[in-house]
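Just the one chain here, the form predicted alone, laid out as structure tokens.
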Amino acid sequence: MSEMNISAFLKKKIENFNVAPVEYRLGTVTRVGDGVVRVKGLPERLYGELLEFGGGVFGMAVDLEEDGVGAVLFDNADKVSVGDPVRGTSTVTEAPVGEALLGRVIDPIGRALDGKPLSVEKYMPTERPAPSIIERSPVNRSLETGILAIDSMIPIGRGQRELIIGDRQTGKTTIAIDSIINQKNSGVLCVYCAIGQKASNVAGIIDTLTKAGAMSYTVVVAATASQSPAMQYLAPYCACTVAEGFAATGKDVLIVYDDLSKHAVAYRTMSLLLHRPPGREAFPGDVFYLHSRLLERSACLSEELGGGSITAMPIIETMSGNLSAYIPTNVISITDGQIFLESELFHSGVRPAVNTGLSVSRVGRSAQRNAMKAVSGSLRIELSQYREMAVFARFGSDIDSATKSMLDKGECLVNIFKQGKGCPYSLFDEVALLLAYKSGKLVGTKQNQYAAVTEALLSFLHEKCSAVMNEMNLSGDMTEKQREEIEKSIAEWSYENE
């Protein structure tokens, strides 16, 4: 971690600007406490402008009033006291952009946190307007997560905003990290934004990404729990600017905000300390705009703008599965669908614990690969019928052979959807497993053997259908001849230890 503190870093950055002489009027600190400052005077400031306080401390203007400015401090709040002079810098908060950031860990103001020097030529403002409707193009290209339950029933397109929502410890971050790992050879760059997490958790995630070889195409933006609310507030906007820097060059980007619940809490803390009027659950009135202006920046850009895209995966934590709470309903209404993770499913061993009844992708099958479309059409209906029938089967009443067959097949589907952590599937693997399910080959497998059986089947198919596998993963299509070859190979296969 870099030894240079935030204020020294910002001061050095501002000194490097070549600007014409400007006459500044100084303001005066009238109130200070808990990292929030009220300044008298200091007219003609910009929203989000960096302010320099006595002692070389920096803050950011977030309230612009007739008689002064409300600001939040990035660090060293104990060095600022009432009566200190304040100077505007005419520089808004900026984030670094460019290829030099790949594989690096930075904080919301662009400092390197991995102990290595960072040289960036270009900076862009952290607050930027979202692309207009005319600047966007339809979302119709698939972004595979490598998670069978999601890719088959809740497909995500490049340029979409898909919310991951659920209680704590239900695997939300795991889904996001597995999605990043799965982009290894897809040409999609990734940005992971950690907001208000423990530093040890962030270090663990970076270690996971490094071991999986994913850091070479990933940027991590981190504002940990020990940092000021101002830094946590700024983190997702900085991460989005980093993603926009890549998208502007025609790249496809996946960005994960982990998580926006903590972001809203940091903003509430800032707002209450600035004496803004509290609303529902003590959040300020503009908390919806806080997230809408962030998530609207994710889009699939038109060909005139390079054709790049930003796919957002915001994460929201619920309390006891309550989807109707304030922040969850806000973000659900902004995004293009949600993946709902259920505690009950998680603790019963269904992992990822995706509740397919409450999960939806509003882009739908238009962003799904043709090979997946061909095999996944009826899965959601079959799964809901199984869950409905399984409720009655619990009572122990006699069931006919047709019902028993449906229950066995449904149980097989649930077990196929179970997937290990850090083990994303390729498109061929997903299609092959669904074809094996449809053929009935895996029905009747013992509960504790599904993992070994699916691994053995995929290993066999990788060897037997290697040409089909390479072609399908590359094109995303499946011809009738390829389907017949896979189905024939599945019929030939048998599990010796069964």
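Worth saying up front: this structure is predicted, and the values here are computed from it rather than measured. Don't overthink the numbering: it's just position in the shown sequence, from 1.
Another form, the form predicted together with a small molecule, is not on view; read the next lines as being about it.
**Student:** Among 96-104, 350-358, 126-134, 279-287, which stretch has residues with heavy atoms no more than 4.5 Å from the small molecule in the predicted bound form?
**Tutor:** Going through the listed ranges, the match is 350-358.
**Student:** Examine residue 90 and determine whether its closest non-hydrogen atom to the small molecule in the predicted bound form is within 4.5 angstroms.
**Tutor:** Because no heavy atom of residue 90 falls inside 4.5 Å of the small molecule in the predicted bound form, the answer is no.
**Student:** Considering non-hydrogen atoms and a 4.5 Å limit, does the small molecule approach residue 169 in the predicted bound form?
**Tutor:** Flag for residue 169 set to yes.
**Student:** Does any part of residue 174 reach within 4.5 Å of the small molecule in the predicted bound form? Heavy atoms only, please.
**Tutor:** Close contact exists here: in the predicted bound form, residue 174 approaches the small molecule to within 4.5 Å, heavy atoms only.
**Student:** Taking the shortest heavy atom distance, is residue 419 within 4.5 Å of the small molecule in the predicted bound form?
**Tutor:** Looking in the predicted bound form, residue contacts with the small molecule include residue 419, since a heavy atom lies within 4.5 Å.
**Student:** Only one of 382, 411, 342, 317 has a non-hydrogen atom within 4.5 angstroms of the small molecule in the predicted bound form; which is it?
**Tutor:** Selected option: 317.
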